[in-house]
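Take a look at this single chain, the form predicted alone, given in structure tokens.
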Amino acid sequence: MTKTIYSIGFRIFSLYLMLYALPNAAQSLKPDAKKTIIVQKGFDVITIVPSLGRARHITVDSNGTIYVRMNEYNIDGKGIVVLKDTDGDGRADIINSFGDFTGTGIALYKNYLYASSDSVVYRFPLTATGIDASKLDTIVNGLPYNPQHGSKNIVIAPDGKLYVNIGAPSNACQEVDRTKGSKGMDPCPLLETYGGIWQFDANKLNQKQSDGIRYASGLRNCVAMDWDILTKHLYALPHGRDQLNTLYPEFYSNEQNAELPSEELFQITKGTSYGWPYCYFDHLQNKKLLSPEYGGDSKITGRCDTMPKPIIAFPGHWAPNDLLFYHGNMFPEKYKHGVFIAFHGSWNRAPLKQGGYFVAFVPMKDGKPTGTWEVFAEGFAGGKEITSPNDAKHRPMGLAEGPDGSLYISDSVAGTIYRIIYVNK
């Protein structure tokens, strides 16, 4: 009985923080004096912590505690970092870590923190004092792993459905991967276990891939996913294929390869295939085209006529690594229910300039774009134009919304964690 009363009291206190204390505290936050990240007018930036290492996705709880997934072990040899601001200046003054595995996925659901390695989804219980790292449950085990697109990012819907991205270890499902003249396998056998999103039960222990549902297929590698609480749909923005010009120079110039294939934002529907490896989207022609490995020539649509088109498309190779539906109250009305996208940055857009390395915003209503997208935050890569991803000082990786409506951004190079606030109210 005492435990139940304590739990109810803790939840009431958390709700108070979310509705009153935290929004009011945001008024006294002090943005960075030295501006390294450029944001839209009316917004400002707070560097929560300058360097954690190779940070990946992030999530924030109702008390404003930040959980950061690490792609490599931090200096304490752990895979999850916990950041807390106890003095109200917006910067982390308590940094703890736990977890003996690295990876990408991280999510909060009920009284648990979920985190994934490249083959397992785990969860830790949340207590009144924080994470109980000694109690580790295995939710899904034995997921297929290949170094190419091996990370398993996750999303949990309000009804407890767990969605896991299983990226395809291939460029275009050729008989010999990334080899000129090699034909595409038809049907592509990789789609049985890779190249899609699998659905599991977040409340059930010790599941295997065979216990889940192949929720959507034909998605090469969806590092960027989110669940929209308004439309009650999953959304994903997969990484497109590469090397159109080097594998098929008779059909694609270097300039065409720099722009294609488009990065496609989809509203995901259960049981649907979205085209990979047979099809890709060309935003310049506004068409879903047949891939050259399957008889395409940069113009033929073929079987791709029946494949879903994206709800919005972006130039190729920007590497979308996270997306977030914003439902907070801090930002102006135009941002309400819109989508933020973290573009990690390109590696093969030559001879054009490198692309990405910024956070974009798409205004949305009822799950559909209502206008053109815009660059919301940029300058992560550094002041000068870079010629290689290795030159980037920072690369946007993960996105999260705080209880006061702040936007949090993680960086995969130095592990800087940023907080974007609106100051012109």
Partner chain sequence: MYKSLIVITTCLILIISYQSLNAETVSSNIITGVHPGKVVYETYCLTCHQADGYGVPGLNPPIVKTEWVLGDKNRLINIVLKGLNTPINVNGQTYRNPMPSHAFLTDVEIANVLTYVRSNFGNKASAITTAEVQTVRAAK
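Bear in mind the structure is a predicted one, so any value in this text is a computation, not a measurement. Residue numbers count along the first chain shown, from 1.
From this point on, the text means the form predicted in complex with the partner chain, which you will not see here.
Of the listed positions (R303, H327, K334, K180), a single one reaches within 4.5 angstroms of the partner chain by any non-hydrogen atom in the model of the complex, namely K180. Of the candidates N206, T269, Q285, Q148, Q148 is the one whose heavy atoms come within 4.5 Å of the partner chain in the model of the complex; the others do not.
Taking the partner from elsewhere, every residue among E72, T387 and D391 has a non-hydrogen atom within 4.5 angstroms of the partner chain in the model of the complex. Per the 4.5 Å heavy atom criterion, the partner chain in the model of the complex is contacted by stretch 350-358, the sole one of 227-235, 350-358, 197-205, 105-113.
For the chain shown alone, T138 is not a contact residue for the partner chain in the model of the complex, no non-hydrogen atom being within 4.5 angstroms. The shortest heavy atom separation between T246 and the partner chain in the model of the complex is within 4.5 Å. Within 4.5 angstroms of the partner chain in the model of the complex, the stretch 42-62 places a non-hydrogen atom from R54 alone.
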